[in-house]
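What follows is a single chain, given as structure tokens, in the form predicted on its own.
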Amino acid sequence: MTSIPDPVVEPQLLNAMRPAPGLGALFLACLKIGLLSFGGGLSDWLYQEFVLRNRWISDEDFASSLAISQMLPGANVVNLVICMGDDLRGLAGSIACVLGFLVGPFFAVIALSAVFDSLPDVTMLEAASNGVAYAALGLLLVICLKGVQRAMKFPPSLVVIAVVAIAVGLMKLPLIPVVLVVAPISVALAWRPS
């Protein structure tokens, strides 16, 4: 009799047992996130759907895809769904994820724009938008905390996080030069020849 691995103790075995999702499942997951998320926090929605709910990818694979997506030009979350779609189903998976992610919001923005143009007073709408934005900031904080928890496994990475946060957040240094200086140091610290 084959036992099912404990997802807490053996997450890599559980993920290995999951077959890659079909293109339709990828499209629908991204469509749902694209339609239901407002004001940001999309990385956490994707984490919830791809890692926790469906267990299509591991926590480590998500973190790697998130890091890659943030280094590439363009919208981070679009880059993220491209990376995850490619990991799961190749080029077709990337296309399914991007289409699912963008088609709903595309039509929603057009429809909402027409509605907003017809409204005389948008004060209530502005308050609702601010409320949704605060919730999205909370979701972003969750992703940051998960990243710090992951980084705690390798203490030098905490120093890199602190240096970048202080340089960009507090000292207001430009992001690109900071990353160009810190990234090679971070890679050298993390590189462990096999």
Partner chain sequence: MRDDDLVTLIAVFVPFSLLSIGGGSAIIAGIQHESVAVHSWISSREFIDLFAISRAAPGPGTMLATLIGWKVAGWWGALAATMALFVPSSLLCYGVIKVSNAHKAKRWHKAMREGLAPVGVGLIIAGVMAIFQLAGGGLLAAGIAVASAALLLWMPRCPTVGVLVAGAGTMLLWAQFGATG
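Values in this document were obtained by computation on a predicted structure and should not be read as measured data. Between two forms, the rigid core is defined as the largest C-alpha subset superposing within 1.5 Å. Numbering follows the first chain given and starts at 1.
What comes next is about the form predicted together with the partner chain, which does not appear here.
Using a 4.5 angstroms limit between non-hydrogen atoms, Q70 touches the partner chain in the predicted complex.
The partner chain in the predicted complex comes within 4.5 Å of no heavy atom belonging to S43.
By the criterion of a heavy atom within 4.5 Å, L23 is excluded from the residues contacting the partner chain in the predicted complex. In the predicted complex, the partner chain lies within 4.5 Å of some heavy atom of L145.
Residues V164, A165, V168, G169, L170, K172, L175, I176, V179, L180, V182, A183, S186, V187 are the members of 164 to 187 with a non-hydrogen atom no more than 4.5 angstroms from the partner chain in the predicted complex.
Comparing the forms between the shown form and the other one on their rigid core, the Cα displacement of L52 stays under 2 Å.
Once the rigid core is overlaid between the shown form and the other one, V178 counts among the residues whose Cα shifts by 2 Å or more. In the predicted complex, the Cα positions of D59 and G138 lie at least 3 Å farther from each other than in the form displayed. In the predicted complex, the CA atoms of G138 and I82 move farther apart by at least 3 angstroms compared with the shown structure.
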